[in-house]
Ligand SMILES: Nc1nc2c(c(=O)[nH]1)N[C@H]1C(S)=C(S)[C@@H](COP(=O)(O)O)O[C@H]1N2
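First, one chain by itself in structure tokens, the form predicted on its own.
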């Protein structure tokens, strides 16, 4: 006799049940909450309220209520935040898939709604499943550098995160008490009490013979997560650990040797940089502010007071470098050249790059004022290579990599 997916007897796995689903749910409750928080912090790090060029998610409205001026301390803040966000997101994929598999019968249960609470649960479940798959798929596509989803990643991922987390929060409120009860009671009770079918539509009335225990299934899921962690986390470190990041776009060996031999995202060729424009003799930095405009050659910049700072590069895609030793002119000193003595203002940075996002970016006054914020001319004791932004690039503590603009052409200090 053929059964439909809405029939309890259709789903025969002996692994499904409230205890198994509850264990996975508790893991996701903690993990997805941390993902959401780190994602919001990553968005705040772009200072999207500062300038339209920083905001890739326009019309965010009330969803931007929490935004604040991104700090420069600790200098590894963005490296930690985005490293956790991306690495944890990838690590949770097996847990998410196992949780979705465990509740598949609920998606087909009839009638669609037995009560108002049940109807709310079903709606939250549909949004949860759809939103979760959408967020994880778009996130993975973005960090793999081959984003093919239609539309811009930034608004899709941002708005999708709010929809997903709203459904997730509603589902958690409805189901967490039952999940905690399921975890506290012996698993044998779950097998014996067929009334759970009426409660949760998860326990099969005629289960197939088990081929693995539920604990074994949890170990299998956890092993998959540990494997993804081990093959992703290394992109946050230099040296041999980076070569363990087999599934990360910036895993493998550093792209070169010597002082400039550390990870990059956009090469000079990809950005459309004309070598003639970045030649030391031809290039000029245009600095504009309260008292007018000055044009400085690289040689003139090198004769200004130079300062050093040990800072990492950290990318929204989750990879980062260790601290590199940068040397250049402080941004606040360049602001003083055009009349902004004392407390420097915000700055608008423009690059020579022709391709890719963030050809222009804005930095807040607190970032300009930090003594470690530099227009860098050197890294690790050597001139910047073309791929690292020669002849000059921005380096700011705790800022996303895309705000550390390379191939700088113009700095405009003042109201943005």
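Numbering follows the first chain given and starts at 1. Predicted model, so just to flag it, every value in this text is computed and none were measured.
Not pictured, yet referred to below: the form predicted together with the ligand.
Open item on the list: I need to confirm a contact call. Of 124, 231, 91, 265, which residue comes within 4.5 Å of the ligand in the model of the complex, counting heavy atoms only?
Closed with: None of the others qualify; the residue that does is 265.
Open item on the list: Given the stretches 370-378, 30-38, 384-392, 60-68, which is the single one in contact with the ligand in the model of the complex, using a heavy atom cutoff of 4.5 Å?
Closed with: Comparing against the ligand in the model of the complex, the contact stretch is 384-392.
- [ ] Examine residue 51 and determine whether its closest non-hydrogen atom to the ligand in the model of the complex is within 4.5 angstroms.
- [x] It does not: once the ligand is placed as it appears in the model of the complex, residue 51 has no heavy atom within 4.5 Å of it.
Task: residue 401 within 4.5 Å of the ligand in the model of the complex, heavy atoms - done: Because a heavy atom of residue 401 falls inside 4.5 Å of the ligand in the model of the complex, the answer is yes.
Open item on the list: Can you work out whether residue 405 and the ligand are in contact in the model of the complex, taking contact to mean some heavy atom pair no more than 4.5 Å apart?
Closed with: Residue 405: contacts the ligand in the model of the complex.
Open item on the list: residue 348 versus the ligand, in the model of the complex: is there a non-hydrogen atom within 4.5 Å?
Closed with: Looking in the model of the complex, residue contacts with the ligand do not include residue 348, since no heavy atom lies within 4.5 Å.
TODO: Can you work out whether the ligand is within 4.5 angstroms of a heavy atom in all three of 319, 353 and 358 in the model of the complex?
DONE: Judged in the model of the complex, 319, 353 and 358 all sit within 4.5 Å of the ligand.
- [ ] Just give me the residues of 306-321, first to last, that have a heavy atom within 4.5 Å of the ligand in the model of the complex.
- [x] 313, 315, 319 sit within 4.5 Å of the partner.
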